[in-house]
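Just one chain follows, in the form predicted on its own, and it is written as structure tokens.
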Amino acid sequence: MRLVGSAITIAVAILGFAAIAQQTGSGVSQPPAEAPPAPAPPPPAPTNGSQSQSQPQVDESALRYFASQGDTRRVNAEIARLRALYPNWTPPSDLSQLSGSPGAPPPDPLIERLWNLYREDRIAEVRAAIAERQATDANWKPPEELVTALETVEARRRLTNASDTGQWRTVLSVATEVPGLLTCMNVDVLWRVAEAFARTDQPNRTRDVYTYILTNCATPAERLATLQKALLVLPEPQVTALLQFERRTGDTPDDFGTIRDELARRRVERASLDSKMTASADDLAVVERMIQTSGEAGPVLILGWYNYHHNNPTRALELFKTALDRNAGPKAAEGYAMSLRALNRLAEAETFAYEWRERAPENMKIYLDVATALLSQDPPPRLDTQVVGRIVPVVMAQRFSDAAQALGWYSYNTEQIRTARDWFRTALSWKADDEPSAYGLALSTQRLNDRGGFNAVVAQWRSRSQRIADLADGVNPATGRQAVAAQPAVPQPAMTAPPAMAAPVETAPPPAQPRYAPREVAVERVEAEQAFVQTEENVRRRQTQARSALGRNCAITRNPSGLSADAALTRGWCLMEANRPLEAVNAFDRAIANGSSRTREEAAYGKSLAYLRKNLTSEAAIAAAEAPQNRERRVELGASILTQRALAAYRDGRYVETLHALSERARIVPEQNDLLLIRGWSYLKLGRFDDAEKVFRAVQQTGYSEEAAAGLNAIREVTGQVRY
């Protein structure tokens, strides 16, 4: 291959002197630190179509073939290639001289066929035809220009394949071996070489290739594409420096405006992630223009986060809403929720973030943060039943200690002391060094007169928490709402109110299950025997009275919003008698909203019973707290709620939760035999065989011999031991 003229100049500029030294034997062993960009090739000296005697003879066979085919594009490309190889060569002014001029020797049919195959990119067939001819005529040689063209095509293919497969060293090796590829005729090759330099940590060489293209190549689309590629691999200052090569005049001027806009967008994006960085007014105006002129979500998100991190949540909220409208997805939802939180619109933020919580980890995190802030306000907000009901399961599933602590303080400050204690314990089980939760646990156990629990907290934390030590020493007795001052600070304030909430569930990985599958205890019988909890006689009396008062009107579906509080209460009890508990809830809600304290108490009681009838225990617990209840009712409802929780957990195989609910229930009412059986089977399922045996034997002594014997037999089968 010939390495003369501008091809060597280009290669020196792009690949460095060392690469060319290997080809020319010049002895140069190291490239310069910075190879300057190559100047455009000097114009060729006119020769009137003749060949200088000091130059090797130019093989114009390819040019003649393309001219004979009328392939103007190929003719022009071949002229450019020959000029690059032979700077002093000038093509004939009349191209017709190339195709069948008088006196010219007749073309060789084989040469015509070879060029035709080459034109069709059937390179392997060209090689095969050449080999076949040389096998019959050892003295025959293909035209030198055809050989060069074949080698160039094959080299381009090797380089392209290496680039496509990420073999960057091979790309540079091929480019070094065939510098004739590195011309404006092969801009794609130049781009690939530039990327290879970038991928091998040679950014200055990458810049040199792009500089060569912008200095020497004229096609505007290729020049713009060159800068677009530079954006992907070069540092921003080097891309900015390349803008100086923009051609603003001439027949084909450049327009690098999109590159400048992209650089401005990147600067704003960096500032959008760092509140200490400020974008210029010009750059911000560019991004604003992008938002107006395109339907893309990217610029909207960038400007949204910029405003959020630069203390303009109102504008950020507008932008994130626009991004959501443009289907920006979880990132836009995250920003929208965070902007609502920053604006102290926590109720809206919780509702919105809940819908997006499972779209991405960031969305779950912001939901938990918002829920924590919502619960942590002082005074405690009055939250809708559904809000607390959806917060609790998410907190449990995610084991988020901050939210568990917030639920603890929320419960404490709304006089749900037992529930508060459970949440503080749960928070500590997830984060053992959480001092605010430990303090909350100390306060709640003291309020409940749980001396054992209180002493355990004090023993563990006295040396680490002065306020817990003071509490133990009587310096700061827990009375009323003093816990509010002890509540830890939260990231954001919030707004909105208090019903009760579901108590947390103890979570622990159960040990290996026994292979024995115990028969189900009589769960239905347990449910039937809750009359003492719900005082069925009183409930039936209320329902009968309501039915008598309303008669057939109770069966007619109607909206209770127009009823008085007392009429709504009566309708609620009538609907309960008709076994339509969810309709009854709406009637009781009306009575709670507008009734006297006595009516509200009765309605909250009825609403809680309605939810219990549908096994909605969390909702029942919340409803019970919507109006103060006397001690008898609190015990009734609490026991009923805990019974249903225990039964539901047992059915689902959640035996730790079953035991937790049963233990809570046993603190307020005696435990009946059927529930004791459930406790025994739960112990057995968890591998606590000694505990299970004690329970079954206790039940056996009260007359439930058959069911207790089944449990004892199960223990014997699992352990292989006879129990006496």
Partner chain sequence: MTGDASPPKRILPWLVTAILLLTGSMASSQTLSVQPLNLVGTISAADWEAYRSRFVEDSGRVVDTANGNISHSEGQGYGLLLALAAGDRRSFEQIWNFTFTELLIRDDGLAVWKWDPNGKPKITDRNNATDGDLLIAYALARAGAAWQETRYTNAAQKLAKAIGKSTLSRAGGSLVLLPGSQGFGAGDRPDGPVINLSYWVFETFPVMAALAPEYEWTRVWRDGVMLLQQATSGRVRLPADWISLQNGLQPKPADGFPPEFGYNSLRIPLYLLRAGMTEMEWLRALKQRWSAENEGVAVINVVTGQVRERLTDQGYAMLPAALACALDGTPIPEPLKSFEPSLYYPSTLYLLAKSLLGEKYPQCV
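If you superpose the two forms and keep the largest set of C-alpha atoms that fall within 1.5 Å, you have the rigid core. Values in this document were obtained by computation on a predicted structure and should not be read as measured data. Numbering follows the first chain given and starts at 1.
Form predicted together with its partner chain: not shown, discussed below.
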Notebook entry, point to check: For the chain shown here without its partner, which stretch in 290-298, 331-339, 423-431, 121-129 has non-hydrogen atoms within 4.5 angstroms of its partner chain in the predicted complex?
Noted result: 121-129
Note to self: Within 4.5 Å of its partner chain in the predicted complex - does that hold for a heavy atom of every one of 212, 244 and 247?
What the structure shows: no
Note to self: My question is simply whether residue 596 lines the interface with its partner chain in the predicted complex - judged by any non-hydrogen atom within 4.5 Å.
What the structure shows: no
Next item on the list: Indicate whether residue 135 is a 4.5 Å heavy atom neighbour of its partner chain in the predicted complex.
Entry: yes
Note to self: Check residue 312 for me: does it contact its partner chain in the predicted complex (non-hydrogen atoms, 4.5 angstroms)?
What the structure shows: no
Check: Taking heavy atoms only, is residue 158 within 4.5 angstroms of its partner chain in the predicted complex?
Finding: yes
Notebook entry, point to check: Which residue among 170, 460, 238, 88 has a heavy atom within 4.5 angstroms of its partner chain in the predicted complex?
Noted result: 170
Item checked: Among the candidates 358, 470, 164, 274, the residue which, in the predicted complex, approaches its partner chain to within 4.5 Å (heavy atoms) -> 164
Check: Once everything's superposed on the core, is residue 135 shifted 2 Å or more at the Cα between this form and the one not shown?
Finding: yes
Check: By the 2 angstroms cut-off, has the C-alpha of residue 149 moved between this form and the one not shown once the rigid core is superposed?
Finding: yes
